[in-house]
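A lone chain, given as C-alpha cells: the form predicted on its own.
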C-alpha cells in the first residue's frame, strides 16, 4: 500500500479536506484521487504540470502512472476543482486557484504566476458569434525572463 495512504483512509483526519473536496465535486474518492487531491490542495494555491505532480506523488510513495495523473487532473478540471492554463501547444499547467484571474508566464524558467483579477482591465470585447456566449477571458502575459 502507498506510504501516503495507510490504515482506514476514510477516517483519517489529514485527508478530511481532500475527501470533502472530492465528494462536493461529485467525484468518488478513490485512493489515487484522494492522494493526488491532498498533494494538490494542502499547501494553498499553486500551478503544477502533470509531470511535476507525478514526480511529487512518486516521492510521497503514491504508486500512480502518469496517465492516471493526467486523467485525474482533467477530471478535477471538468468538475471545477482546478483550472487548466495552456501556455503554448503541448504545455499546460493546472491551477488550484479557480477564481477569475490572469497570469504572468516567464518563458525562460517556465514559471507561471497569478495576476490579481483587478490588475487587468479589458475595455472592449468582440461580439460572440451567433448562438455563442462568451464564458470567460484568459489573459497570459509573457515575460522574457
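Numbering follows the first chain given and starts at 1. Keep in mind that this is a model prediction, so the values were computed, not measured.
Another form, the form predicted together with a further copy of the same chain, is not on view; read the next lines as being about it.
Chemist: If contact means a heavy atom within 4.5 Å, which one of 25-33, 61-69, 99-107, 39-47 is the stretch that engages a further copy of the same chain in the model of the complex?
Modeler: So the stretch in question is 99-107.
Chemist: Should residue 88 be classed as touching a further copy of the same chain in the model of the complex when contacts are defined as heavy atoms within 4.5 Å?
Modeler: Contact check for residue 88: yes, within 4.5 Å of a further copy of the same chain in the model of the complex.
Chemist: With the cut-off set at 4.5 Å between non-hydrogen atoms, does residue 84 touch a further copy of the same chain in the model of the complex?
Modeler: Output for residue 84 is yes: heavy atoms within 4.5 Å of a further copy of the same chain.
Chemist: Indicate whether residue 118 is a 4.5 Å heavy atom neighbour of a further copy of the same chain in the model of the complex.
Modeler: Result yes; residue 118 sits at the interface with a further copy of the same chain in the model of the complex.
Chemist: Can you name the residues of 122-137 that have a heavy atom within 4.5 Å of a further copy of the same chain in the model of the complex?
Modeler: Result: 122, 123, 124, 125, 126, 127, 128, 129, 132, 133, 134, 135, 136, 137.
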